[in-house]
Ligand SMILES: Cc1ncc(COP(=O)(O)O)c(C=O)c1O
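Just the one chain here, the form predicted alone, laid out as structure tokens.
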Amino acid sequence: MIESERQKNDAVGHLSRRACWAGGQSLATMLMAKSLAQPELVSLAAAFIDGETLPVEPTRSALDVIWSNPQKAKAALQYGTTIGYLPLRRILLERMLQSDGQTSRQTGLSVDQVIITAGSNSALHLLGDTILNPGDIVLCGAPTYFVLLGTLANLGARAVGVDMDEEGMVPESVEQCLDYFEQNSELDRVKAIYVTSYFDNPTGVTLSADRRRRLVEIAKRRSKQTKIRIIEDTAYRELRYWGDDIPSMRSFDKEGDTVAIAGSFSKSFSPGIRVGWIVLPRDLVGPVLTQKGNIDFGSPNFSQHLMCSVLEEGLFDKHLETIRAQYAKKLDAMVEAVEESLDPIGGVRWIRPDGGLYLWLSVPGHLDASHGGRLFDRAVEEGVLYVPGDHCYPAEYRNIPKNTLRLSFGVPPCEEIRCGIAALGRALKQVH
């Protein structure tokens, strides 16, 4: 251990290296503290879902099905397996294959490659803990999902940023990064490429079909001494409001040895139930299950039985219709408000997504939108809270901009969204 790291451990009371790597107060904690201290703030920061759309009645109906059958009820209240409830895993695999327009025979996928987790973050941590050593490298979008950055830091891994645009992660930027690491004899440390392939958090962009194919090809071709995996996060796939679905990156992995696909019901049904999953290349199933067995002995069994009942009774798809309609209205309200309040200011750019929960903004380059910057402080004074975009960039990126921000339309009603954007517009005019 280097001297500075040893001193840091001593200063915090002999914590583990992983606890020190995790860092201090998270961005989410900081923003939550702001909201609690000033409850009048319009929060366009929280990545929560609309409380009014939480599936109270569908959940009650699914529970009634379980409680009406003593055998089902007892099975739900008993221990489950480490890999997860078999009927739920079968449904998840069938739904994924159907969405991709494939069959299990075409893909070679089996239900034994589907593992249930307590949400997708649990899946991401579990996979990272299985394939990453301290100092290993994960290529991420710049920007990317900031919670993942904390997960990678906790594992001692390096998050390295690659360019993003309106079509998602730029394959040429990935190639350039891999060239750099190969020239510096570090290619064997690159273990994964992380992609939120649908309605990315934070940018809202969806990775184009052509780039999905190209990124899978790049990962396969550049895997030499070590295997480069693609970690495909599909947490927002069901939240499409316009346009046609695109097959997953897993559908382009003909050999089935490269892409691990993670999903969750947190955004599409209920975050409180905490059910996610991961579909793994066959060679990773055993190692991941060993890790999982040592950590939790299996994710909450009752939640798995509940979600299985929701799906079997057709309650999930009906609920999706409701929330898609609700969120589409909110996205329209946010875009209209941005066009009205921010566009006339000049120098403000954004990408309109076809789904998800986020809108990504860039303001003129001379403005500081970071936490503690003039725009952030002025926005709070005007009554609105946003996520500073610089928190979403991997530390290893050539030039982290300070003039970006993420807005979420998930929680507030339409009128509150309009008020929040108007407040942001007032703040922008004052610091422009």
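One rule holds for the numbers: they count along the sequence shown, beginning at 1. Everything numeric here is computed off the predicted structure, so don't read it as measured data.
This next part talks about the form predicted together with this ligand, which is not shown.
Engineer: Which of Ile116, Leu139, Ala235, Met249 has a heavy atom within 4.5 Å of this ligand in the predicted complex?
Structural biologist: So the residue touching this ligand in the predicted complex, by this definition, is Ala235.
Engineer: Taking 4.5 Å between heavy atoms as the contact cutoff, choose which of Asn121, Thr258, Ser268, Ser309 touches this ligand in the predicted complex.
Structural biologist: None of the others qualify; the residue that does is Asn121.
Engineer: Consider Arg274 of the chain shown here, and say whether it contacts this ligand in the predicted complex, taking contact as heavy atoms within 4.5 Å.
Structural biologist: Result yes; Arg274 sits at the interface with this ligand in the predicted complex.
Engineer: Hey, in the predicted complex, does Gln304 get a heavy atom within 4.5 angstroms of this ligand?
Structural biologist: Heavy-atom contact with this ligand at 4.5 Å: absent for Gln304.
Engineer: According to a 4.5 angstroms non-hydrogen atom cut-off, is Thr206 in contact with this ligand in the predicted complex?
Structural biologist: Close contact is absent here: in the predicted complex, Thr206 is far from this ligand, nothing within 4.5 Å, heavy atoms only.
Engineer: Even though this ligand is not shown here, does Ser299 get within 4.5 Å of it in the predicted complex, heavy atoms only?
Structural biologist: It does not: once this ligand is placed as it appears in the predicted complex, Ser299 has no heavy atom within 4.5 Å of it.
Engineer: The chain here is shown without this ligand. Which stretch in 196-204, 316-324, 131-139, 211-219 comes within 4.5 angstroms of it in the predicted complex, by heavy atom distance?
Structural biologist: After filtering at 4.5 Å, what remains is 196-204.
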